[in-house]
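Given next, in C-alpha cells, is a single chain: the form predicted alone.
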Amino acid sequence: MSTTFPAKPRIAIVGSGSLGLYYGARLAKAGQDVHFLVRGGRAAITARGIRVKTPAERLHVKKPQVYASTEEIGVCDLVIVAIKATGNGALAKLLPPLLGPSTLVLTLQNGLGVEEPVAEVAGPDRVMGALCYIACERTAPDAVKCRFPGVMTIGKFGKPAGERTHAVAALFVKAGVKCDAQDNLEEMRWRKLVWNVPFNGLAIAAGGVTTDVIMADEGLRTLARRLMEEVVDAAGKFGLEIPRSFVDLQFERTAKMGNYRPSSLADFEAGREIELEEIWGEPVRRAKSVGAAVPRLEMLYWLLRHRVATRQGGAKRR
C-alpha cells in the first residue's frame, strides 16, 4: 500500500444522509473530486444540487456527481462511510468496487466496535475512524441544516495516526471543517459516547424530546450528567483518561444547538433502526467486563430496547 496520499484524491461518499451530504458538499465546494452514492432522493439532488445551511453561511453544490451504485463510482483514493452502523451488513457489497491498492476508508459512524466491520471488508491497515461533534439534520432529500458545525477528530484503527491520517485531516481543514488527527481512536470513541449516550438516549426515552428540553429540565439534565460520568469512569477502567472538564464542555456545546433532534430520535420516530448496540449495548458490556458500575447506562439501554421492541410490535399489529 502506498504511503503517500494524493493532493486531490478521488473521494466516494457512501451514505448520503445528513453527514454524508454535509461533509461531501464541503469537500466538493473546496474543489475536491467527490462522488456521492445516493439511494434515496437522487432525482432531487440531480435536479437541484446539494444545499447546506449553517449559522454562518449557505453552500450550494449545483452539479454534484451522484450514482446509484458503488460499481458506477469505481476505485477511489478515499472512501467515507456515512451510513448508519445498523447498515454495516451491506458493506461487503458496497465497499469492494471502491477499493484499489492504496484506498483509505474513513468511517463516520457512532458507537463502539464500528471500525471492525469495515476492517473485515477493507482490511484493517486502510481503516480510519472519525468522531463528528456536530448538530446536523437532513431537511429535504437535497438539503441539510447544520445548527452546530462543531469539530471532527480522526484516528487510525488500531495504530497511532500516521502521515496519511494527518493528510486526510488536512483535507477537511481545507474544506472549512475544524479537524485534527489524534493517536488513540479508542479514547476518541469513548469521548464521543459522553454526549451520544445521554442526549441520543434520553431524547427517545423521555418521549421524543429535543436537546433544549433535556437542558431545561432539572431531572433530565442531572441524569444526563450522571450518565456522562458513568461513561467517563468506564473509560478510565481501560486506562483512557477523560477529564471532568470534558463533561462541562458537552453542556456548553449542547446549549448552542437549540431545539436539536438527535439523530437517534429522528431515526426512531421515522421507524428506522437506531444504533442500539453500538451506542448503548456495547459500552455496557465492555464496562461490565472490567468491573465498572454503570447502572444508569444499563437502565437506559434496557429502556431503549423495550421502546424499540414495542415500536416494532406495534408496527406488526397495524
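Because the structure is a prediction, the values reported are computed rather than measured. When you see a residue number, it is the position in the sequence shown, counting from 1.
Below, we turn to the form predicted together with another copy of the chain, even though it does not appear here.
Q: When the contact criterion is heavy atoms within 4.5 Å, does Glu120 count as touching another copy of the chain in the predicted bound form?
A: No - in the predicted bound form, heavy atoms of Glu120 and another copy of the chain never come within 4.5 Å of each other.
Q: Answer yes if any heavy atom of Thr139 is within 4.5 Å of a heavy atom of another copy of the chain in the predicted bound form; otherwise answer no.
A: Outside the cut-off, so no.
Q: Mark Leu202 yes when one of its heavy atoms lies within 4.5 Å of a heavy atom of another copy of the chain in the predicted bound form, and no otherwise.
A: Judged by the heavy-atom cut-off of 4.5 Å, Leu202 is in contact with another copy of the chain in the predicted bound form.
Q: Can you tell me if Leu223 lies within 4.5 angstroms of another copy of the chain in the predicted bound form, counting non-hydrogen atoms only?
A: Flag for Leu223 set to yes.
Q: Counting non-hydrogen atoms within 4.5 angstroms of another copy of the chain in the predicted bound form, say which of Ala170, Val75, Val247, Ala206 makes the cut.
A: None of the others qualify; the residue that does is Ala206.
Q: Would you confirm whether the three residues His35, Leu37 and Glu115 all fall within 4.5 Å of another copy of the chain in the predicted bound form, going by non-hydrogen atoms?
A: So, no: the whole triplet misses another copy of the chain.
Q: Would you point out which of 288 to 296, 64 to 72, 252 to 260, 47 to 55 contains residues with a non-hydrogen atom within 4.5 Å of another copy of the chain in the predicted bound form?
A: Checking each option against the 4.5 Å cut-off leaves 288 to 296.
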